[in-house]
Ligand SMILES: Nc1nc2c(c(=O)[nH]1)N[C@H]1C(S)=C(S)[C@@H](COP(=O)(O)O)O[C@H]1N2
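Just one chain follows, in the form predicted on its own, and it is written as structure tokens.
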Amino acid sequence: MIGRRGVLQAAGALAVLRSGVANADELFLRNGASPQQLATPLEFFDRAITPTRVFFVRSHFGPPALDRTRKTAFDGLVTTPLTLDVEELRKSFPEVTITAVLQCAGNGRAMQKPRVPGVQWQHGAMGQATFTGVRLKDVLTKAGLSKDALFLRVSGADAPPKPTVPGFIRSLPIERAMDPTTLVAYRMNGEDLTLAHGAPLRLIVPGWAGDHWVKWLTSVRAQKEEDAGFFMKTAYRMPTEAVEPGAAVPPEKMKPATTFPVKSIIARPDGQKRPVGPQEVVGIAVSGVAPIASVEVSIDGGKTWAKATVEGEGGIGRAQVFRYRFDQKEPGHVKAMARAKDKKGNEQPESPPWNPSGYFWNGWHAVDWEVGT
């Protein structure tokens, strides 16, 4: 016998396959069968926009059944509670499109030493897309947001596997919620959101880790306090100061993980042997704090660095493509490393500080390949 929840999960899984997400064997990394943890292949970080079919998927409980008419409630400390679906949002508010990186806080966790628990993402728990929707600020303003509201309690339609498992509930500070780049989105890369990427509605919070980008959005509640649940008070928290690798950190010395740091990732070369002659190192760089200022590449183990060209429009939480070309005249082993700097002076470190959840790893990325005839 299959219960109602099992039926819904099966329907949701079928809808994922029909909604534009690549098959598992097309993806760089798959961490278990359920819920979906699918990483973007490195080769797709040679362009500004990550195709939806290979755009990473992070899920705590797996997707709910696909319902494009599902409504979202905007209530709590407001004068006029609103309950709106996609069409009502489109008709009621100006449409906005933003290009931004969505990145899991645990992207790069596999590189942490000593090893920490959690999904062992390498570099692919991120991607950049154009997201279209309406400003959350506009919706809250129409609802009559109270001056007493300090946080939004945000949740989606995905359900825990059993009653003893806490629901995925996040809090967003009002200041961040009212930022004009924070959206309630219904399209991604010019098409309706797929189920795996949050259809029908999800939050877009450029520059902040993906745990704030709540999918399958059903409830946005204004309140005075930050939510007291597991996913705010225990999970997705960072030390307030540097700690020794492997050390335990007391709760009072932890804070929510929000803005992701500056980083660069090399997409090509991909490790395959290349002929003697012109070589090109290509990748993307992004910072959640400020636009990218520069990217440098080293091919001598970090002894010297040369500036790469950076393409495209910059912005907070917006990735740009970088390219570095050089001529390899002799056969042999080549290793390239990349590091980025943003316009607030933050530099990508060779090795970032350790933290007990492995969040925000942003060390120098290196690739090796052979050059021969």
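Sequential numbering from 1, following the sequence displayed. The structure presented is a predicted model; accordingly, all values stated were derived computationally and were not measured.
This next part talks about the form predicted together with this ligand, which is not shown.
Residue contact with this ligand in the predicted bound form: K263 places no heavy atom within 4.5 Å of it. Looking at F74, you'd find every heavy atom of it more than 4.5 angstroms from this ligand in the predicted bound form. Proximity of N346 to this ligand in the predicted bound form falls outside the 4.5 Å heavy atom cutoff. Although the partner is absent here, Q328 is not a contact residue: none of its heavy atoms lies within 4.5 angstroms of this ligand in the predicted bound form. Checked against this ligand in the predicted bound form, the residues R202, R153, R237, R268 give one hit for a heavy atom within 4.5 Å, which is R202. This chain lacks the partner; the member of H123, R221, R135, K215 within 4.5 angstroms of this ligand in the predicted bound form by a non-hydrogen atom is K215. Although this ligand is omitted here, in the predicted bound form none of V101, P206 and T258 has a heavy atom within 4.5 Å of it. Partner contacts here mean any heavy atom within 4.5 Å of this ligand in the predicted bound form, and among 111 to 119, 191 to 199, 135 to 143, 247 to 255 they occur only in 191 to 199. Scanning 41 to 59 for heavy atoms within 4.5 Å of this ligand in the predicted bound form gives F55, F56, V57, R58, S59 in sequence order.
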